[in-house]
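One chain comes next, on its own, written out as structure tokens in the form predicted on its own.
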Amino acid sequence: MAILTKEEAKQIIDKVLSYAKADETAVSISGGRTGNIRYARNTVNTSGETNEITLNITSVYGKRSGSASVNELDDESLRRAVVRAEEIAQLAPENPEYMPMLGPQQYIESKTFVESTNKINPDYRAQVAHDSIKPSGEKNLTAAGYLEDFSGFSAMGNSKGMFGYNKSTSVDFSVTVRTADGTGSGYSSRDFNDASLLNSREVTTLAMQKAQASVNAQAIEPGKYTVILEPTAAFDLMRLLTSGMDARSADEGRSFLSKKGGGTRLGEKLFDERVNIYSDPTHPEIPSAPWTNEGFPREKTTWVEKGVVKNMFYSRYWASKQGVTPVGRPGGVIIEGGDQSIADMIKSTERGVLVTRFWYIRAVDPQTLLYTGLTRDGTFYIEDGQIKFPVKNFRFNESPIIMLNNIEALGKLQRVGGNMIPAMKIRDFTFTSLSDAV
């Protein structure tokens, strides 16, 4: 399916709005091509491509709303979808938190679309798999990986005159490599908007090195250790912090940003002064859609500055209730780092643990952001500035809040999951028990 142009999308949205009889009507349309290839045991087992388009209509009468979706764009299908949404809306109960639809908005241009990714075809996907499987097999290692690419668009409009359009591309690749005896495992991943930046052989080589180095891991006592978290591991925990900066949860006493007895910790210094977190939809390495799920225009926003909480994100309803200017949820965050490499961090560590990534993370206490989970796919003991041997995996109990107060060093930034995350050297990280899983 071809990506609809801005003009084509607006024409369809305007046509749907012309059929509407409700007090308010919103229309969104999105679609594109999603391709993938998956392999395990050094053999491709699935590959495919889908082309989809979906149009959603939300009709509102007073504070009653109803929605209908359709994937056919002929006039009759669109009319029926409008009627269906309006019928549902008239039967729905009132939503006491309903907010009137936004009027026209000014959206920035975000460079989320890259032609190199749009041109991905089955031959490209096969080459990605080949460049991962071949070196693994040559070293008597077993690779399992997954590539997914997307090229598409989204557009939205409503009866108040709002309209937005955005094209985007993405490519995500991850690989796990195991040794023949099953005692060594390594993992690596990369994601980009621009497919020309992906080198699956390099990514696989990192996972291969981890797998080979982690054979016959030794057990060491759980406890508090200085840890070096690679960017993937740091992201596993940092995303829990940034996604928890919701103003309503804080105001209602359900968040790490809540004060005992009422109020929030906005404006308080909660972290090491080296902690700076912001979001920017125009960031060249992690561009994001120019609007939030509620239609807010996204703009550069500082969330934490020198350890001080500067912003929380609001729904339109909660911002109105609190009498504040709404701040939308970020599309991706940047946690400022430093200039140290992971090798530099290792050299400066007297006794510690290097962690590739975490897995099976679960909440223990949302109000303190205490989480538990496991290390996985490459965990190593460091002594006197050198990696001495692989260690058996640990279960951890730790909070990102405590982590960001125990920083010893921040490393270079790497894109992980649509965010820019540094490697982190953290003291007194709590490992509670051992895990026999590889």
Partner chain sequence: MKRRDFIHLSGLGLGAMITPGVLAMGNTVTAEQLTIPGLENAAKKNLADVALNAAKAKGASYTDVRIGRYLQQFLFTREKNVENITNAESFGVGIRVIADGTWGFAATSDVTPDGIKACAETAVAIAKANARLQSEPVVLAPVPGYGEVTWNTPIQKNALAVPVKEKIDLLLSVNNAALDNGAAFVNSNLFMINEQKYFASTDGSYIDQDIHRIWPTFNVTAVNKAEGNFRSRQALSAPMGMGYEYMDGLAKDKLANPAGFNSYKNSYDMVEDAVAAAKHSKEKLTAKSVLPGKYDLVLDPDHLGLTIHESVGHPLELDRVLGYEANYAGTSFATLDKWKAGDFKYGSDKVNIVADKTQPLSLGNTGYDDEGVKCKEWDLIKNGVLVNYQAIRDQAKIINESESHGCCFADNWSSVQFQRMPNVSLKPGTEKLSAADMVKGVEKGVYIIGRGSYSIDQQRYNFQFGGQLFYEIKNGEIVGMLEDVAYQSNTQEFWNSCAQICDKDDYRFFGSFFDGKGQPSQSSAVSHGSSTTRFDGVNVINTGRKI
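Nothing here was measured: the structure is a model prediction, and the numbers come from that model. Numbering follows the first chain given and starts at 1.
This protein has a second form, the form predicted in complex with the partner chain, left out of what is shown; the following refers to that one.
Under a 4.5 angstroms non-hydrogen atom cutoff, the partner chain in the predicted bound form has Glu252 among its neighbouring residues. For Gly145, a non-hydrogen atom is located within 4.5 Å of the partner chain in the predicted bound form, even though that partner is not displayed. When contacts are judged by a 4.5 Å heavy atom cut-off, Gln386 does not count as touching the partner chain in the predicted bound form. Residue contact check for Gln367: one or more of its heavy atoms lie within 4.5 Å of the partner chain in the predicted bound form.
Note that among 87-95, 225-233, 345-353, 280-288, the stretch whose heavy atoms approach the partner chain to within 4.5 Å in the predicted bound form is 87-95. Contact with the partner chain in the predicted bound form, judged by any heavy atom within 4.5 Å, is made by just one of Val333, Val128, Val175, Ala211: Val175. Annotation for 29-45: interface residues with the partner chain in the predicted bound form are Asn36, Arg38, Ala40, Arg41, Thr43, Val44, Asn45 [heavy atom within 4.5 Å].
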